[in-house]
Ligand SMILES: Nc1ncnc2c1ncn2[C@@H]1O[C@H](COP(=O)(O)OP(=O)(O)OP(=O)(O)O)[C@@H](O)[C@H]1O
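Next comes just one chain, in structure tokens: the form predicted alone.
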């Protein structure tokens, strides 16, 4: 079971390469290939998680389809036949991990919805109190506490290092008041509906990140959708605020890395087989519970 760490579709031109995805410009469309690379602490690891890209791609497609009538999105197709028409020939290593998508100009902010306080926001809350980023959060929240209501916490897109949480006013300055209001409303709507779906299968959607882009016809939802890479999914029956929660994201990898004498800079270490297999199992379980489908590799 080998992981796909990169593509070589040279006849399509040089791709735009991110930590996980490789994006080929097709002129009026994009071909987005989700690899099996995995990153932690903003560093790509030396090996990948087999089938991770297929899981992320197919889970994103599930959510895009589920909310297609609520928010317009960029997905055109993940059908392998449609992809083969674009690529020019069928390639088995690409099966299930490609999306043909509409082009858009990505906004300069990331759109985060939080129903629970964790991660970077909890660190800021502990340091600065409940007024952080213009909010009025109650006193006494613990790591993992449920918030009184979901909140919108936009963030910058850092070229290097970590993204930074910003206030809504700062987001308005960056993308304009009308666009900021629209993506805030969409972000909270998508989060609330997805959290309700997750609850039905015994999961808590603690927070999630969305990206939106501008087209000639207006804003659309782009990138990925509510995957374990962009979201915190917790096991509902094990939920206990006050620390890290049993999760279905990259926390298993992060926990292993914290045991190493590694300075969290590139190159990333090679993950041992047990970490790879256990991480893959987490992704598969999340996919199957959320979509109600059996994952076929």
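Residue numbers count along the first chain shown, from 1. Note that the structure is predicted; figures quoted are calculated from it, not measured. Take the two forms, superpose them, and find the largest set of C-alpha atoms that agree within 1.5 Å; that set is the rigid core.
The same protein has a further form, the form predicted in complex with this ligand, not shown here; the description that follows concerns it.
By the 4.5 Å heavy atom rule, the three marked residues 12, 15 and 97 all fail to count as contacting this ligand in the predicted bound form. Using a 4.5 angstroms threshold between heavy atoms, residue 289 stays clear of this ligand in the predicted bound form. Using a 4.5 angstroms threshold between heavy atoms, residue 30 counts as touching this ligand in the predicted bound form.
When contacts are judged by a 4.5 Å heavy atom cut-off, residue 189 does not count as touching this ligand in the predicted bound form.
Residue contact with this ligand in the predicted bound form: residue 72 places no heavy atom within 4.5 Å of it.
None of 112-120, 86-94, 216-224, 139-147 except one has non-hydrogen atoms within 4.5 angstroms of this ligand in the predicted bound form; the exception is 216-224. Just one of 132, 104, 198, 78 comes within 4.5 Å of this ligand in the predicted bound form, counting any heavy atom, and that one is 104. For the partner-free chain shown, 16, 18, 19, 20, 21, 23, 30 of 1-31 come within 4.5 angstroms of this ligand in the predicted bound form, judged by any non-hydrogen atom. Core-aligned CA deviation for residue 250 between the shown form and the other one: 2 Å or greater.
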